[in-house]
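Coming up is one lone chain in C-alpha coordinates, specifically the form predicted alone.
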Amino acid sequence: MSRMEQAIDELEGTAVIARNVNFYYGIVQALFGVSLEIKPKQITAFIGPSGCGKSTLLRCFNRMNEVLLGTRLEGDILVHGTDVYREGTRLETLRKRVGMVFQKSNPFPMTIYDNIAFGPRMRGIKDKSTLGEVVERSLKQADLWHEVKDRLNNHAQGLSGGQQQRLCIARTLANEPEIILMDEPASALDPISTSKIEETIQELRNLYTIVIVTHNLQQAARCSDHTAFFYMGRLVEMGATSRIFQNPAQKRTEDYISGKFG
(Lines give C-alpha, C1' and ligand atoms only; values in the text may rest on other atoms or scores of the structure.)
Protein backbone atom coordinates (compact mmCIF):
# COMPACT_ATOMS: atom_id res chain seq x y z
CA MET A 1 0.00 0.00 0.00
CA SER A 2 1.39 3.43 -0.98
CA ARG A 3 1.67 6.27 1.55
CA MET A 4 -1.23 8.06 -0.15
CA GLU A 5 -3.41 4.94 -0.08
CA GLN A 6 -2.56 4.40 3.58
CA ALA A 7 -3.49 8.01 4.40
CA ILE A 8 -6.84 7.65 2.62
CA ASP A 9 -7.52 4.37 4.42
CA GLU A 10 -6.80 6.02 7.79
CA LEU A 11 -9.14 8.92 7.01
CA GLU A 12 -11.95 6.60 5.94
CA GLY A 13 -11.62 4.72 9.23
CA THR A 14 -12.17 7.83 11.33
CA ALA A 15 -15.03 10.28 11.82
CA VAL A 16 -13.03 13.06 13.47
CA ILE A 17 -9.30 13.69 13.67
CA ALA A 18 -7.71 16.34 15.88
CA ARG A 19 -4.07 17.09 15.17
CA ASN A 20 -1.95 19.06 17.62
CA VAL A 21 -4.85 21.31 18.61
CA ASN A 22 -4.14 24.36 20.75
CA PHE A 23 -7.09 26.56 21.66
CA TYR A 24 -7.22 29.99 23.25
CA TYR A 25 -9.89 32.12 24.91
CA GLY A 26 -8.19 35.45 24.39
CA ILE A 27 -4.77 35.08 26.00
CA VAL A 28 -5.82 32.06 28.09
CA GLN A 29 -4.82 28.73 26.56
CA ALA A 30 -7.43 26.01 27.14
CA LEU A 31 -6.06 23.14 25.02
CA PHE A 32 -2.44 22.09 24.65
CA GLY A 33 -1.36 19.96 21.67
CA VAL A 34 -4.37 17.64 21.68
CA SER A 35 -4.33 14.87 19.06
CA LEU A 36 -6.91 12.09 18.85
CA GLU A 37 -9.16 10.13 16.52
CA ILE A 38 -12.89 9.43 16.85
CA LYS A 39 -14.10 6.17 15.35
CA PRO A 40 -17.25 6.23 13.18
CA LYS A 41 -20.59 4.90 14.46
CA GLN A 42 -19.27 4.35 17.95
CA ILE A 43 -19.64 6.27 21.21
CA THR A 44 -16.66 8.16 22.57
CA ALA A 45 -16.76 9.71 26.05
CA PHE A 46 -14.65 12.67 27.17
CA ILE A 47 -14.03 12.64 30.92
CA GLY A 48 -12.00 14.76 33.30
CA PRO A 49 -12.40 17.37 36.04
CA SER A 50 -14.13 20.70 35.42
CA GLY A 51 -12.08 23.08 33.32
CA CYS A 52 -9.92 20.37 31.76
CA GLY A 53 -10.84 21.27 28.15
CA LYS A 54 -13.19 18.46 27.20
CA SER A 55 -16.16 20.71 26.32
CA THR A 56 -13.84 23.15 24.56
CA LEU A 57 -12.54 20.38 22.31
CA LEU A 58 -16.06 19.09 21.68
CA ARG A 59 -17.14 22.53 20.44
CA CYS A 60 -14.12 22.72 18.16
CA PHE A 61 -15.57 19.88 16.10
CA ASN A 62 -18.42 22.05 14.77
CA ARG A 63 -16.83 25.45 15.47
CA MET A 64 -19.33 26.39 18.16
CA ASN A 65 -16.57 28.17 20.09
CA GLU A 66 -16.59 30.87 17.44
CA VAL A 67 -19.72 32.42 18.93
CA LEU A 68 -17.32 33.77 21.61
CA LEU A 69 -15.15 36.74 20.68
CA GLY A 70 -11.39 36.39 20.88
CA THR A 71 -11.14 32.63 20.49
CA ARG A 72 -8.40 31.10 18.37
CA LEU A 73 -7.50 27.58 17.26
CA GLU A 74 -4.16 26.24 16.10
CA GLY A 75 -3.84 22.78 14.55
CA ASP A 76 -6.27 20.76 12.45
CA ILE A 77 -9.77 19.35 12.91
CA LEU A 78 -10.88 16.95 10.17
CA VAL A 79 -14.41 15.58 9.86
CA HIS A 80 -14.49 12.58 7.53
CA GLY A 81 -11.25 13.81 6.01
CA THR A 82 -12.32 17.43 5.49
CA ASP A 83 -10.60 20.29 7.31
CA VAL A 84 -13.53 22.08 8.95
CA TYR A 85 -11.45 25.21 9.54
CA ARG A 86 -10.47 25.70 5.92
CA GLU A 87 -11.44 28.94 4.27
CA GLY A 88 -14.90 28.85 2.69
CA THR A 89 -16.41 26.32 5.11
CA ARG A 90 -20.14 26.99 5.47
CA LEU A 91 -20.95 26.84 9.16
CA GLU A 92 -24.61 25.97 8.62
CA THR A 93 -23.57 22.98 6.51
CA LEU A 94 -20.96 21.90 9.06
CA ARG A 95 -23.42 22.14 11.95
CA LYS A 96 -25.96 20.10 10.02
CA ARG A 97 -23.35 17.35 9.57
CA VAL A 98 -22.12 17.71 13.15
CA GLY A 99 -25.15 18.26 15.36
CA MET A 100 -25.05 19.21 19.01
CA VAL A 101 -27.10 18.57 22.13
CA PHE A 102 -26.35 20.94 24.98
CA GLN A 103 -26.24 20.50 28.75
CA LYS A 104 -29.43 22.50 29.27
CA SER A 105 -32.35 21.51 27.08
CA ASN A 106 -33.26 24.38 24.78
CA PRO A 107 -36.50 23.67 22.93
CA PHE A 108 -37.61 26.45 20.62
CA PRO A 109 -40.65 28.45 21.84
CA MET A 110 -43.00 26.64 19.49
CA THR A 111 -44.89 23.35 19.21
CA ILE A 112 -43.33 19.91 19.47
CA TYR A 113 -43.98 19.36 15.77
CA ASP A 114 -42.46 22.70 14.74
CA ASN A 115 -39.35 22.09 16.84
CA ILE A 116 -38.58 18.96 14.83
CA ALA A 117 -39.68 20.38 11.48
CA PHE A 118 -37.67 23.57 11.90
CA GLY A 119 -34.40 22.24 10.46
CA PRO A 120 -35.95 20.40 7.50
CA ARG A 121 -37.98 23.51 6.65
CA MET A 122 -34.81 25.58 6.70
CA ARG A 123 -33.37 23.11 4.19
CA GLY A 124 -36.30 23.76 1.88
CA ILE A 125 -38.57 20.80 2.72
CA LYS A 126 -42.15 22.06 2.53
CA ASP A 127 -44.17 18.94 1.72
CA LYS A 128 -46.39 18.14 4.72
CA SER A 129 -46.21 14.41 4.18
CA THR A 130 -42.41 14.45 4.07
CA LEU A 131 -42.21 16.67 7.14
CA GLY A 132 -44.58 14.37 8.99
CA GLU A 133 -42.37 11.39 8.20
CA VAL A 134 -39.27 13.25 9.41
CA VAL A 135 -41.00 14.29 12.64
CA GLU A 136 -42.20 10.75 13.37
CA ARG A 137 -38.87 9.11 12.52
CA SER A 138 -36.86 11.57 14.60
CA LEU A 139 -39.13 11.29 17.63
CA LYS A 140 -39.05 7.50 17.40
CA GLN A 141 -35.26 7.50 17.25
CA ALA A 142 -35.20 9.71 20.34
CA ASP A 143 -37.63 7.33 22.10
CA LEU A 144 -40.23 10.08 22.49
CA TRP A 145 -42.84 9.33 19.84
CA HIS A 146 -45.19 7.25 21.99
CA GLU A 147 -45.17 9.91 24.70
CA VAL A 148 -46.04 12.87 22.46
CA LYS A 149 -47.66 11.52 19.28
CA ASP A 150 -51.12 12.71 20.40
CA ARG A 151 -49.98 16.21 21.34
CA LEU A 152 -47.60 17.28 18.60
CA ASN A 153 -49.30 20.68 18.43
CA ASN A 154 -48.74 21.35 22.12
CA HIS A 155 -46.05 23.79 23.21
CA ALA A 156 -42.68 22.07 23.62
CA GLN A 157 -41.94 23.83 26.89
CA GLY A 158 -44.83 21.95 28.48
CA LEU A 159 -42.74 18.77 28.37
CA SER A 160 -40.79 17.52 31.36
CA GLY A 161 -37.06 18.23 31.55
CA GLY A 162 -36.13 14.75 30.35
CA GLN A 163 -38.65 14.91 27.53
CA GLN A 164 -37.35 18.31 26.48
CA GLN A 165 -33.83 16.91 26.25
CA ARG A 166 -35.00 13.99 24.12
CA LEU A 167 -36.89 16.50 21.98
CA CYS A 168 -33.61 18.33 21.44
CA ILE A 169 -32.00 15.05 20.42
CA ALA A 170 -34.88 14.44 17.98
CA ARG A 171 -34.48 17.97 16.60
CA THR A 172 -30.81 17.23 15.95
CA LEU A 173 -31.65 13.91 14.28
CA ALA A 174 -34.14 15.62 11.95
CA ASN A 175 -31.17 17.33 10.28
CA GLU A 176 -29.71 13.91 9.40
CA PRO A 177 -26.29 14.51 10.96
CA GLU A 178 -23.29 12.27 10.58
CA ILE A 179 -21.97 13.07 14.05
CA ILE A 180 -23.78 14.00 17.26
CA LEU A 181 -21.98 15.94 19.98
CA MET A 182 -23.49 15.78 23.47
CA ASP A 183 -22.23 18.14 26.16
CA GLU A 184 -23.34 16.79 29.56
CA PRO A 185 -26.77 15.88 28.15
CA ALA A 186 -28.11 14.38 31.38
CA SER A 187 -26.36 16.41 34.07
CA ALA A 188 -29.48 18.46 34.91
CA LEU A 189 -31.86 15.49 34.93
CA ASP A 190 -33.20 13.12 37.57
CA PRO A 191 -32.04 9.46 37.60
CA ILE A 192 -35.07 8.16 35.67
CA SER A 193 -34.71 10.79 32.93
CA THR A 194 -30.96 10.16 32.83
CA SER A 195 -31.63 6.46 32.27
CA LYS A 196 -33.94 7.29 29.35
CA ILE A 197 -31.28 9.51 27.78
CA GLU A 198 -28.70 6.73 28.14
CA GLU A 199 -31.09 4.23 26.56
CA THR A 200 -31.61 6.63 23.65
CA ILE A 201 -27.85 7.02 23.18
CA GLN A 202 -27.42 3.26 23.14
CA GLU A 203 -30.13 2.87 20.49
CA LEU A 204 -28.40 5.46 18.28
CA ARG A 205 -24.90 4.00 18.60
CA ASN A 206 -24.92 1.96 15.37
CA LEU A 207 -26.45 4.77 13.29
CA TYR A 208 -24.36 7.79 14.28
CA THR A 209 -20.95 8.74 15.57
CA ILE A 210 -21.56 10.08 19.08
CA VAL A 211 -19.17 12.04 21.28
CA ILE A 212 -20.36 12.70 24.82
CA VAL A 213 -18.81 14.90 27.49
CA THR A 214 -19.71 13.69 30.96
CA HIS A 215 -18.66 14.15 34.58
CA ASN A 216 -20.50 10.92 35.41
CA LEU A 217 -17.87 8.18 35.27
CA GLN A 218 -20.49 5.45 35.58
CA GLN A 219 -22.29 6.92 32.60
CA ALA A 220 -19.10 6.89 30.54
CA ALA A 221 -18.44 3.29 31.56
CA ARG A 222 -22.00 2.22 30.71
CA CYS A 223 -22.45 4.05 27.43
CA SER A 224 -19.18 4.45 25.58
CA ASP A 225 -16.95 2.31 23.40
CA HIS A 226 -13.92 4.59 23.82
CA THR A 227 -12.94 7.03 26.56
CA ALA A 228 -10.57 9.98 26.51
CA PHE A 229 -9.32 11.44 29.81
CA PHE A 230 -8.34 15.11 29.91
CA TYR A 231 -6.50 17.05 32.59
CA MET A 232 -5.60 20.74 32.57
CA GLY A 233 -6.14 21.12 28.84
CA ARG A 234 -4.17 18.05 27.85
CA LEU A 235 -5.23 14.61 26.66
CA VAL A 236 -3.73 12.22 29.21
CA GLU A 237 -4.79 9.01 27.49
CA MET A 238 -7.46 7.51 25.27
CA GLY A 239 -8.49 3.93 24.58
CA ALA A 240 -11.20 1.33 24.80
CA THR A 241 -13.48 2.20 27.71
CA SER A 242 -12.99 -1.20 29.34
CA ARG A 243 -9.21 -0.69 29.39
CA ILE A 244 -9.35 2.92 30.59
CA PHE A 245 -11.54 1.96 33.54
CA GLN A 246 -9.95 -1.38 34.39
CA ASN A 247 -6.30 -0.94 33.43
CA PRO A 248 -5.39 2.69 32.70
CA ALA A 249 -1.88 3.30 31.42
CA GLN A 250 -1.37 6.57 33.31
CA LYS A 251 -1.40 6.99 37.09
CA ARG A 252 -3.24 10.30 36.78
CA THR A 253 -6.08 8.49 34.97
CA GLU A 254 -6.18 5.81 37.66
CA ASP A 255 -6.28 8.45 40.40
CA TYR A 256 -9.16 10.29 38.73
CA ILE A 257 -11.22 7.16 38.09
CA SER A 258 -10.63 5.93 41.64
CA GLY A 259 -11.85 9.26 43.04
CA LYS A 260 -8.56 10.56 44.43
CA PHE A 261 -9.24 13.93 42.79
CA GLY A 262 -11.80 15.56 40.51
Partner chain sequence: MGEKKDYVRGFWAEGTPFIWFSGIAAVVLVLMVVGLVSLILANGMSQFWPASVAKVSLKNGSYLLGSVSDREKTSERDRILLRIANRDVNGLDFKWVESSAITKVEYPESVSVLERDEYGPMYGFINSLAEGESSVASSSPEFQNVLREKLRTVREKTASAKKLQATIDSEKKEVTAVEVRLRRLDEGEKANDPETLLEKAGLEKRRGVLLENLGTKLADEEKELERLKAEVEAPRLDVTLSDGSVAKVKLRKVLAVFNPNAMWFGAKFVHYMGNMASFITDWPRESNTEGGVYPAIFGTVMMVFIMVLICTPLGVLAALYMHEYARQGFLLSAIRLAVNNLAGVPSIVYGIFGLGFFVYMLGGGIDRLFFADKLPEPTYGTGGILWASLTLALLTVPVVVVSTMEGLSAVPRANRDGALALGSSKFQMIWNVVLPNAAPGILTGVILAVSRAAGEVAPLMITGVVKLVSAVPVDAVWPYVHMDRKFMHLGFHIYDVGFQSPNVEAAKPMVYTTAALLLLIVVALNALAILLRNKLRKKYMGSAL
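Numbering follows the first chain given and starts at 1. Keep in mind it's a predicted model, so treat the numbers as computed, not measured.
Separately, the form predicted in complex with the partner chain exists; it is not shown, and the next lines address it.
Among residues of the shown chain, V67 is one whose heavy atoms approach the partner chain to within 4.5 Å in the predicted bound form. In the predicted bound form, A188 stays away from the partner chain, with no heavy atom inside 4.5 Å. Proximity of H155 to the partner chain in the predicted bound form falls within the 4.5 Å heavy atom cutoff. When the partner chain is considered in the predicted bound form, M122 lines it closely, a heavy atom lying within 4.5 Å.
Per the 4.5 Å heavy atom criterion, the partner chain in the predicted bound form is contacted by stretch 88-96, the sole one of 88-96, 188-196, 71-79, 145-153.
For the stretch 175-207, the set of residues having any non-hydrogen atom within 4.5 angstroms of the partner chain in the predicted bound form comprises only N175.
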